[in-house]
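Alright, two takes on the same chain below, each alone as structure tokens: structure 1 and structure 2.
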Structure 1
């Protein structure tokens, strides 16, 4: 029975592990994804790796090239812009509903998330800041009573996340982002719909102005709509 559960869990384990490496840029665009090597690293057979790669390819994060193998897909500009649009539309609606439902406990959870971000900033830990950032947005969805909608946001923003990771890795301080988060939280706690929309849209659009600079700094990571891979 234990072996059966392990077998059933291994494709999901492989999928999650590989996706996390891609989104965190541990596996950069163009990286080769050899099944045998990945199977050894993740302590699974090659079959779960193959299934995970097919699933990631369906999400646009992996390219399966006949007679060559699997590779981490480039970051496509069009996909990043589309992801930002979808995320903004969903999260503004989520935050507006959170403002209608928030209570003292919800306010405390949001302020704790901000404190975790400050700690990450003080320690200069981009990974910790990223997790605290994600947690704040997740908490807003939970306060709104829409945790499943947050799962849709996570699915929609995968192409945006790699750009965000590059931006955070290059950041010397997260103080600007923390200030934006404080404005969002204050607006939700004040139940100020107009300020919620303004603060959240300003925050979520922060990545796009950095896109041109990141493409110039990491030209091999990106693929524009008028380009075609070899």
Structure 2
């Protein structure tokens, strides 16, 4: 029985493992998350599992139905739209403020971030590119002096990650995305508010896939209030 050396590690481990599987659609919407089974799977008792499920439920990734159990939450079109709205509004505001506060050091960091992306692209390492991409957006928030606002973006982004996973567009070449990143950085360095807004919005909408199409292709994963209007 592998004893956990560090305390409070079990709930965190369960939380991360489940979240990863949900966002990568390895656990599909509607899947049952029986506490017993998960506990056996991760070699812990039900208590830390329950703690992880509560956290995931508060983020909207899991539905906790009283006396019935926990299930992977369906993808709600409304939640995806809202998350996209939140992300656009926050990131545009962040970038505008970043433009007002950026200095030479900040410009350097942004160029380095893009360089990392180029490297990851050349080596064809999707995971690495993905991290570098997110890192760049985070750096913009830091330059704006608002690192905590990025946490709010991350909370919303959770509802976008699953549809992106479904669309599998990550497989496409990253050069397009890098180009978009370059024009965003250029706009920030040029302190051109209008250009910032246009290039960033364009970029963020690019990564939001065709929702209606996905909904037709994977109807089981979606749930909207106007479900069966026969």
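Rigid core here is just the name for the largest C-alpha set that superposes within 1.5 Å across the two forms. Positions refer to the first chain, counted from 1. The structure presented is a predicted model; accordingly, all values stated were derived computationally and were not measured.
Annotation: structure 2 represents the form predicted together with another copy of the chain, while structure 1 represents the other form. A movement of the C-alpha atom of residue 36 reaching 2 angstroms or beyond is seen between the two structures when the two forms are aligned on their rigid core. With the core held fixed, residue 203 shows a CA shift below 2 Å between the two structures.
Relative to the superposed core, residue 184 undergoes a Cα shift smaller than 2 Å between the two structures.
On rigid-core superposition between the two structures, the C-alpha of residue 215 is found to move 5.1 angstrom.
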